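Next comes just one chain, in structure tokens: the form predicted alone.
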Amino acid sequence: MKIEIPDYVLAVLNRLEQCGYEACVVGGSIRDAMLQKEVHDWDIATSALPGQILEAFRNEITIKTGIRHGTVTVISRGYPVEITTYRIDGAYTDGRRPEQVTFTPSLAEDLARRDFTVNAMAYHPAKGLTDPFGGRSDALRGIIRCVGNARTRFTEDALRILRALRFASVLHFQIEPETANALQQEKERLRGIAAERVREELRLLLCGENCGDILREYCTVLAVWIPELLPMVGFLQHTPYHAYDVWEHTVRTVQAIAPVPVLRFAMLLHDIGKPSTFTRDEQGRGHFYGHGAVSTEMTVKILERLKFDRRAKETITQLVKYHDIRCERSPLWIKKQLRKFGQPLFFQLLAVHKADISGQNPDLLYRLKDIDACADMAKEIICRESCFSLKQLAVNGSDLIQAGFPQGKVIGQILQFLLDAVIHEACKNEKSALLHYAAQNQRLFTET
């Protein structure tokens, strides 16, 4: 098997060998190249000690990325390449990282400390593949398997539990039974992992091609950090609008939307308040009155727990709050929504609503046409540069003051009034027309 390695990576390998050290490409780059996927990061393992790596590349830009654990980043022909000394990990007393590492001249010992077989391979252009744990076979068969004893691997570093799910989702792999059982048995260890690390693994997992199967099979693992998910599993909706229970509906909506983190998280959480708002009428039909508001409140708490940044939190929360927006094939309605939400959020809401319908009763899929029609109409309105925001209004506060209107909060009220008039086509978006219209209606503002 031959793997094409970029010149800037070969240059690092050659330099280390010229200095008398072993060096090879390791880890996920081998796996991805083997699967004919794009390789984003090429990592190198070497027998050279950290100080020897720095000396070998003394004429290059180097970064002491994790010098205590043997990692140095070298800028080779403009690209960063991470180089790590062969090592044996010590005890994982915090359940995340080894307390100390011991450097070793043995590549075999270095590969033995790694998490999964598909990440425990090494490759050298002249020597070929080093694969002591069957990683090539597992990669080609689409299997995630721990190196050695699975429970030991997860006990050492609990984040590997989510990494297993993430790799299975992104690579569209299956998790072999022993590894699957072990991660279920050790899932409570995830409570000791930093929220930021959990969030990033969830982000990658949700955007994976195989996320649907992972969500279905491993909801209890995700529930260690998001226990609010569990009540949705198997919760029947008892309504003709839904053919699936709340969790299956949720999984289908996640799959139905573009793999953008804020969109995928929004779909994961959009109906999380349904179980607590469920009622049935005299005919036995289920209702979830107010579930949007409850889902929004729960979403805020979950996003804070996972330490989302302010911007992502605001976007996801808005998408959850308005996920069941009812589309109207009307230019007036669309302008009002563009005014309220702005362009990016409005189109994201349409995508969320479309995904929501895709996970309901298949008999209702005809409603998707209305959403597509609204999206096309909105694009046409934007292309025509129709006015639906204050920025597009032909007058501003200074214009109103110069025209004799009093300063203060009333200026903002007049501008909103004029924007509303333009959207409703009661007045043209022209400076003279707007000033005249404002003057005609000035009494509305002097009385307030």
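Predicted, not measured: the structure shown is a model, and the values here were computed from it. Sequential numbering from 1, following the sequence displayed.
Only in words, not in the display: the form predicted in complex with a small molecule, which the text now covers.
None of 228 to 236, 361 to 369, 158 to 166, 320 to 328 except one has non-hydrogen atoms within 4.5 angstroms of the small molecule in the predicted bound form; the exception is 158 to 166. Although the partner is absent here, residue 113 lies within 4.5 Å of the small molecule in the predicted bound form, judged by heavy atoms.
Contact check for residue 119: a heavy atom falls within 4.5 Å of the small molecule in the predicted bound form.
Residue 37 falls outside the set of residues with a heavy atom inside 4.5 Å of the small molecule in the predicted bound form. At the 4.5 Å threshold, heavy atoms of residue 399 stay clear of the small molecule in the predicted bound form, well away from it. Note on contacts: among 380, 420, 41, 55, the single residue with a heavy atom within 4.5 Å of the small molecule in the predicted bound form is 41.
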